[in-house]
Structure formats: structure tokens, C-alpha cells
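Same chain, two versions here, written out as C-alpha cells and called structure 1 and structure 2.
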Structure 1
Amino acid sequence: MNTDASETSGSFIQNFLTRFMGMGNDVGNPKLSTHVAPFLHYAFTRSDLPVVLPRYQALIDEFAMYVIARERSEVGATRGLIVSFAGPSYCVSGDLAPALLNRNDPVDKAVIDFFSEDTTFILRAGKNREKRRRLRESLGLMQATMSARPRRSWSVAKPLGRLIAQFDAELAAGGEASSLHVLQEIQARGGMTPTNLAHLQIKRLDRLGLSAQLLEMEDLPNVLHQNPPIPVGEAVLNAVRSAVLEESLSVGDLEAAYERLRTLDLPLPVKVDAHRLGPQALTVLLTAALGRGDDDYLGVLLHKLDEQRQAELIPATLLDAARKRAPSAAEATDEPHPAESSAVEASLRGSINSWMGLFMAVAKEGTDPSAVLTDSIWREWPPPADSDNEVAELLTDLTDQEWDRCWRLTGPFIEADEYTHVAPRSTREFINYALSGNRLAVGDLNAVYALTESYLRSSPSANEYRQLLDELRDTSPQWVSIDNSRIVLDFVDRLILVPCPDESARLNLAIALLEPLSRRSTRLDPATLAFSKQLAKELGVPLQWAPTESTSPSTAEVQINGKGEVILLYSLDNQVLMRVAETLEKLAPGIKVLMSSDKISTTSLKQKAQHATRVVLATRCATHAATGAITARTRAKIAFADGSGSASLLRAAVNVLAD
């Protein structure tokens, strides 16, 4: 890291500042010079700090603070700083991901020319002058604090395996924004091939149901040319089902469906091992086989559908046409088998065929679980709930090193639960390790919440309930903060939603979680503050909260009420849906709230998606069949919750309503 003042005050930064402060930026006004000067000083003298600069456009009265990470590897750390000092308390947008810079804008172009396209955060505080002042001052404080710290490297790279595990866990736990942050961190860190990075992107877009976005990926044809793992191919086929075939198949027009498939300029994997594919992908394969008259493969597909009892999930017209064409499906068993990636992977697949076997191999033999995870073979196994006692006994005796490897399996373990197959003992072991092994960083908390939710769903005894809550309370100083208020409130709300066999343990944990928020409640946004107060009241926690800023309606209320907004809330957790619907209706009585927890694409889900003017999705354990149907059907603005609890869904809902 270079901290040589002579270099930082050199022509590079001078030229950059001349451009940044020039055309398109009106902060050159002498009245503003005292506010601007400290930021210029840091930009000139400290190359170890992010460049932080104000921008004001007088014509449209728009104020923004640009925070530029000097290296891509520093983006993650810079985001952390922004969140700690400014967002979301003082930012209405821009605090979560680097901005998409506009090459035609002179100020943005200056940043692109001197730094990079994807390392700049553009923070906005809205039109309120007081909020703008607070944003500017908080970033000034950030620079002052950072410049006073000991000089040391602050971009310590996390091991790649840990980041991938975190990504899987975030996706499984429904952390939409968090999974994007981890993906960006992996990208910035390096060490992963661009093809594998593309696989992660595809996996994420599939989970969120963003079919059109997935099919528009520039690298997609090249990814498909490389014989990707089955889940990647399936994700692409799922997207084709939602974004390309939905319209034709919904009216039974098979010719049009095939024509759309034929003219799609993508090397789709239309003749693959259908054994592990879901009904969405199988629908695409059936359409393709029918269109090209491949009777043998049609027979194979129909046989698989009957064998896996998925036939009722295929559009009736398509299924009938396929059965007429290939009536002898019952005997068809010969299907193409994809080439194994390697002998090692093939042998690994053969030797590991249960959760117990997987944990044993990863923990005791140090087996790299990548092959199993990449191909999602675990989806074919009975859920961990079926072997809960054996798995839990194995997990109880693991050393820290063995746990470190097994933590990589958190994401699939959470997903295998599917809100129905809880494995309480094994889940408790995961929580034990998270709490004792300090897996309490921002990137881990969504997973810990999902595990806690699963465990509490299993109706633990009073003693088990008390023990868990006490352990959470003991670790709470490590993770409860204003920055994490969303996930903290998810935990608090869960205490209300589940049966309570020990009132005092619940109260103690509630106080430990809510008290730090109440102390700094001036930093909470109005909706979060209102929800915190509501939770405290319901739990009987007597805390002092900041008064509401004014008696006038909140931004959301002003923008929503009377406009006939219809918001669709989607989550597989019915309790969360009810809770958020109730809170939203109180917050803004003028809106209509629709809810859905359908696991697959149903008529009801599609109708709700069509009627909604805003959609909010919590994607924990959700399938593309449902999320894809929503995103394909709706013209509404869509938001994703960054977690699976009530506070996460509520925050996303308020943001999308106020947008």
C-alpha cells in the first residue's frame, strides 16, 4: 500500500480532481468550499483511504457523495466502512453495491478514466438538506477516523472456500443482497476462473427467478459450450421455461413454443441426463424433443416423468402430445449419460450417497465436497431429518478443524430443510459451532438465523429452548448493532412467532437484542424504528426509543396511500407473511396486500403476480418454478428481501413501496 504523500499529491490525483470538480459538478461554489476542502485534503494526502468526494447538480438539486475504492480488492472493505459510518441511517440509496457509472456523464467518466467502472459507491440522502448534511458529516468522520488509525493492510483476503460456503449459505438463507456482496467479494478476491464465477451468477439468478436477466448474460453461450454441471444447465432451462416458453405453453400453442425455442440463439443442453432435472427443465426438454421429432428421447423423458411422479407438473397439452407421439414410454430406459468430469469426481459420487456419508467424508477424511455440491447430488438423498440422530452424534465430536470443513455444507443443509424436514439435533450442532466458533460476521448471520428458525420450529423442550436463547444472548454483544438491525429484528420477531416455553429466557434475549438498538434509535429509519417499538411492546420490554421525527406521515405513507398500490408478498414462511402484511397495513392503510407461499407456479400465484403493482420476494428455500413464474408474469417493481425473517421482508417492502 502506498502512502507516499508526494505520489498522492502528484499529477494523477490533481488531474482527476480537476475533472471531477469540473463540468457536471457544482460544488465549486465558494459557499461550499469549507465543506469540500477536507475531502480534497484526504484525496491528496492519503492514498490508503478511499477517495470520498461530494457532487452537487444545481439544476436538478441533486446531491451525492462518491466513495471510490482505489482497488477492486478494497470494494468489500469500503462497503463495510460505508455501512458502519453512514448507511442505511443516512443513505437512501447506494450503500450496498458499487454504482453503474454513466460513460456519458462527465463526472462519472472522470471516475472511469482514473479509477475503475465497478469500485465506486454513489450515496444519496434524498432532497432533505438536513439528511444531506448528516451524510456528508458522517463520511467526513469516516475519513478522519480512518486517517487516524494505525497504518496496516485492511484488505485481508478470506479463503476462497469460506467465501463460497458463505455464498451458498446466503442463497439458502434467502440473503439476496448479501449473496451479491459475497459474489462481488469472490470476484474481487480472484482465485476463481471466470467460468466458475459465471456458474455462481447463474445459480443466484435462478434462485431469484430472474430468468430474463439470466438469459441476457453475455457469457451464457460460452458457459453452455463448456458442458456445465447439471444444476447450471438446469438453471438455464428453468429460465427458458419461464421467460421463453411460458406464453405459448399457457395457451397450449406447441408450434409457437417450439419455434421460440428453435430461434433462441443459445446452445441449450436439450438432450441430457434427465434423471435429476425438475419439471421446469423437463418441460423445455419435452418441447424440444417433440419439435425435432426425437421419439426415442421423448420416451425416455416420459418414462422419467412417470417414474418421478412429476407428470402432473407438465402442461397438459404438451404432455398429451408427447404421449401420443411416444406411446411406448414405459419401456424406454435408455438415455444419454453425461460424461463424468473426472474419475475422482465419479468415484466421489459413487462413494457418498447420504448426508451421513457426506459429513463423514468431509469431516474425517478431509474430502473436498465440491463435486457433490456442484452437482447438487444431495437433492436426491433423504433429507438430514431422516438420519438426524446419527448426523448429530457425528457432529458433536468434531474438532474445530473438522467443523471448519463441514461449515461449507451449511447452505445445502439449510436448503434440505425446505421448511418441512427439520433435523433439530443436527441443526443445534450447527448453531453450537456458529456461536462457539465465531461464525457471527455479517455474512454468516442470515445462515445462523435460518438455522435458529429451523430449530425453534421443532418445538424444543423448555430446557432446550432456554439453553439456545441464553447462548444467543451471551454472544449478542458480538453481532447486535445498528448496522445489523434488520437481522437482529428478524431474531426478535422469531421469539414472538414461535411458542414460548420459558418467558424469562425470552425476555432476557429480547432485552439483549433490543437494548443496543434503542440506545442508538435515532439512527434507525422510520419503518425499522416503528417495527422495533412494536416488537418491544409485544414482548413487554420497557425501553426508551427516539420519538418519531414528526407527526406527519412517513415517506412511504405519503407515496403509497391513495395510489391504489397492490403489493404481493412471497415467502414460504406463512408466519412471516402474516406478520409483515399486518404491519404494512398499519403503516400504510391505503395499500392492498396479497400473499403467496406456493412452492410451484399455480394459477393463483400467477394471478396475484399479474395484479400486483409491487412485488417482494423472500427466496429462502424458494424454487425457480415459483419465483420464475412471478418475475415472468408481473410488470411490477420487484424487490428481494435480504433474509427470511419479518424485518427483512418488511424492509424490502417499505423500500419498494417508497421507491
Structure 2
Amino acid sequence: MNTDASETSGSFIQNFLTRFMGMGNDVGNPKLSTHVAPFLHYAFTRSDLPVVLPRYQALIDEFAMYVIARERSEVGATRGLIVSFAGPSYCVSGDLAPALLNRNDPVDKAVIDFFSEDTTFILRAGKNREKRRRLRESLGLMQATMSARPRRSWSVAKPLGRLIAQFDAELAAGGEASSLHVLQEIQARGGMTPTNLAHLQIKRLDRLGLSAQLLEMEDLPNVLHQNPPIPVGEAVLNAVRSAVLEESLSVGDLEAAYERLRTLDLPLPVKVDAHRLGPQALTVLLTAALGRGDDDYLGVLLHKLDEQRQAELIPATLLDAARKRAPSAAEATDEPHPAESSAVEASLRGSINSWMGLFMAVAKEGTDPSAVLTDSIWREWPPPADSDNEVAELLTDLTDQEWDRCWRLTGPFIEADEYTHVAPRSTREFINYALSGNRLAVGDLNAVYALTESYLRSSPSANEYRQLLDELRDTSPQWVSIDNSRIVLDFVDRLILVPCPDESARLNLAIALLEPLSRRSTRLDPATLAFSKQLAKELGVPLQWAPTESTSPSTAEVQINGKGEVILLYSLDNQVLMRVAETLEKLAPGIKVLMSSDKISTTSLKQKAQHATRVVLATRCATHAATGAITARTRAKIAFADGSGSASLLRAAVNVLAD
């Protein structure tokens, strides 16, 4: 995009504005012209700023502000501006990630035709006219402030390796919107092949359980033709299990299941290394092998299921039919061995076979961990908890340069915990590096929270507890702000959920975290403000907060009270579930809250998904077996938390209820 004012006021922007302000947009009303004019002025004259334009649909009384990054590389910076000037204070939705534009909508189509399809944020403030005004004014202030600065490039490209590490960490820590944001940064930055980029997209959709969306990826057939890493192939098979076979297998109709598989227009893997697959992917392979009468491979699959004790996770009708067809499964061990993805991968698989070996190779030998991470072979190793002391001693002596390489392993390290296998000493070393090495940017905070939660779950001594909280307090000026209120409140709530061996340390940290929010509490949305007050009261922190806006119910209450809404909260953290359920029931007594922390697809989980009218998922350490079962079974509107703490889950719940 050029930066010359004369060009921006030329035919390109004029043609775009003509269409944007035309059919489907009623802001042309003369009464609104004074509000629209400033945004048109900036669109015409400042090509170094995002295009910000209002849209109003009178028929349905729908108001939105479109914020369009002119280049993909500017999406991240644009998001940062939105968070700083509007964010959750004035937005009900749309502030975290670019919108999915509708090609059948004339206004959206205008944006698609003139800009990239994935660079537009559509911010909504709900039905409240005062909030609409505030949203419009905050974005007007954003444009005025940015236009007063010298013209310069305000997007800085991060190294690709660091972005990939950040993506893995966000995904592991349950950062749904944040992982999408990083993925878009990777795409905009370039330097990654379309196939490898597709692998990251598949990995994310698999974690979220968005099976249909995964199978609809335009380049999926090409990915499957190129012998993808086993985790990618497994993710595709998982999606097939949820989106294609679920209906037939749930009623035991094996012929229908095979027919649906046979007519699926995808080059699915026929025979893969079953040893490394989970029950969902194995179900698809069993169905296919049974359908084509491949008795030898059926025997191999059954042998693996028995060996790994996963047979009980396979639909009973399918398992019985497979056993009748291939009764000699116990002796079938001749499994096909697909080609390794690369010579490097084969070499790494041979030389690195433990977490200690991986950290040693990456830190001391400068080994690129890409192949190990892409192939996820670390999932076959004992968790870091089994070698905690050994790993921690290695991490303690790392230089900054060595740590910079090892930080890329943060995502897998968090995932390996699984809320079960905490490695306190190693986890503390990760936290030490984050706090001392300035890994406190917005893109790192979800990972730092997940590490902190894990460490506190290990019941540290009073001295260890105090040291950690004091270090968090000392660094808090670097990361506590109104823009980060969600993750800040996640930290505060964790102080309540874990045992407290030092009341003074807890109080000091709570003040350091909550006081900045209280000073600017007029910018907190009602639900966040109420939760902040609740946390301050429970922790005994005497702070002044903005009064509740009015005695009338909040947007969420208006829409959900008395309407019989049933919301399903999903998280592997039971404490967070209980916390959010309790808060939601206070916020809107008319709703019914269901909870689940099942790690796999269970009858209970499916029933809750079917009955829910709203679903909210926190996906930290979650598996497709559970998230895929939810998305396959429910017709409810679904929202994902952008983190794993209580505030993250609560914000997602309130937003989906108010939507």
C-alpha cells in the first residue's frame, strides 16, 4: 500500500468508500454525517493508519466499527491499537482477532475486494447506544492520536522461530484468540511454506475440536498428499472421526460409516504407524480396514489397541465386528513403517529420546528442535516430572543465549504437564527466565500464567511461595495494565484458589495486580468490574472501584435471565470451573450451568453438549477427543476462552451469553 496522500485520496479509496457506504450500510443518514466525516478524512489522507469506518443497519439496529489493517503484516499492530484504545472496555466482541467476512454481504464483500480477507476487525458494542458512542469516540481518538505521530512503519517483524514458539506456547496454554493472532503474524511475515503453515492451522483446529472447519481447509488434499508428520495425519483422522463417522457409529451402523468414509473426497492415509495414534484416529482406520476387508491390518490395529489398553475407547459394535473378522489379533505385530519425514527427523529420533536429552541438545549443542516438535515425539517420553531434578539442574546454569533457544520448548513443556505431572523445579526455572529475561509481552503472559499455575499446584514451601509472589510483584509494572485485565485477574484468582502459606506475600501481590485496575476501573466492562471487586473483597484488598453503571441489569443479564439458557463450561481445571459457575450464577440467576472436565469423549460429556444452548471451552491441555465430541454433538453457539484462568473463562462465557 502506498503512503502518498495524493494516492490515498485517489480512485482506489474513493471506489472502496463508495461501496462500503452504499448498499447494506445506513450511516449515510444526514444525522450521522458529523460522526462519519472524521473517519472518512483519515481514510482519504492517511495511508499509514488503519481504515476505520462505522456501519449501521437500521432494519436490525446493528452497529459496528470496521477496523481494517491495510496490510497483513499490520494486523498484529492494529490489534494492539484496538486493545489499547477500545478493547473489552467498549467492545462486546471482535477486538481479539480479524473477523470472518461474509462474501454474500455487500459491505463485507467491498472489504474483501479492496483489502485482504483476513485483516479486518469488526467491533461491536451491543445494543446500548451509550456504549456505541463510546466505542466510536475511542476509535476516533485512536485515529487522531496516531495521525499526530510522525509517519513511520509501526510493524516490527519478529524472527520466525520465535513466532512459532509463541504459537506453540499460546496453544498449549489455552490461548485461543492469541494463537490465531500469532498464526496470522506468521502468515504475514512469510518465510514458511504453505504446507508447513497448513500444519500449524491443522494443529490449532484439532486442539479446538473444530473438525468441520479443519476438513474444509482448501489445501488439505495437498497436505495429505505430501506425507505429513504423524500428528498432522492424526489430527485429520480425529476430525473425520468427529465430523464424518460420529452419527453412524453412535447407532452402530457400520455400513453407513464405511460408506461415508469411502465417499469422503480426501486422500486419507490408509496405513499409518498405529503405535503413535490415539483411539479416535484408530477408530477411523479400523472402520476403513473393516470396510475394505483388510484382515491383516485389522489384526495389527487390534493388537495395538490391546497392547495400549485403548480397546474400551473404541465403539463396541465396531470393535466386536473387527474382532470377529480378525480373531488372531494377538499375534499380528507386523506393522507397516511409513517413511520418516526427513533424514534430520530420523537422526533426531535416534539421538534424542528424553526431555533431558532434548534440553541438552537444544541448549548446549544448538540443535534446532523443529523436527522433534513437528513430529511430537516427546509425547512418547516419560513426562518432565520424572526427571525434574536433573532437568532443573541443567536449566539453572543456562546462559541467556541457551535459554533463548530452550524457551521454544515452553509449549510442549506445558502440555506435558497435563494438569497431572507437575515438575516444580524445572517449571520454576522457566518462570525465572520469563521474569528476568523480559518474557512478559502480551504474547508470553498466557504461558507465564500456565507455568505459575503449575508451580503453585505443587504446594511449594512458604519460602518458595513468598519468593515467587515477590518476583511477580516486582515485575508487575511491566505487564499489569487495563488492557491485560483478563490475564491479570487470572493471576489474582489463582492466589485464592491455591493454599496460602504466606498471607503477607499474597496481599502484597494482590495489591500490585489490582491497584492499577482500580485506578482505571471505568474502562472495565461490567462483568470484569464485578469480578475484580469480588476478588479484592475476598483477598481483603481495600481499593476504590468505579460504581456500577446503573441499577439496571447488564447486557448479559437482560438477554439470558428467564430464557432458560443452559451453558456448558469445559476446562480441565476443576477449580476454575467451580469458580466461574458460581460467578455466572450470581451474575445471571436465570441460567443453568453445566460443567465438564472429561479428558475423553464420555456419555456425560456428549449429553451435556447436546443439552447446552451455549458452550464455552478452555482448551489448555485439552484433547480433540473431548473438544471434538463437544463440537460434534452440540448445536449451541460456541466460544473459546483466551486463556486457562477464571477471568478468561468468565469473559468468554459472558460474551457468548450476550451475543
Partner chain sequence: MTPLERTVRTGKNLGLRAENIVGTALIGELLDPGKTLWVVSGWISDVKVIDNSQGAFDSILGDDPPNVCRLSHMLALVAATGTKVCVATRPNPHNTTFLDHISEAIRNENRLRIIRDPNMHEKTLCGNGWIMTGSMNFTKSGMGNNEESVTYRTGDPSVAQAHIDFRARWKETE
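Counting starts at 1 with the first residue of structure 1 and goes up one by one along its sequence. Not measured: the values here are computed from a predicted model. Superpose the two forms; the largest set of C-alphas matching within 1.5 Å is the rigid core.
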- Note on the structure: Block containing the form predicted in complex with the partner chain is structure 1
- Core aligned, does the CA of S596 move at least 2 Å between the two structures? no
- Message: Once the core is superposed between the two structures, does D397 show a C-alpha displacement of at least 2 Å?
- Response: no
- Examine L605 after superposing the rigid core and state whether its CA is displaced by 2 Å or more between the two structures. no
- Query: By how many angstrom is the Cα of L49 displaced between the two structures when the rigid core is overlaid?
  - Reply: 2.9
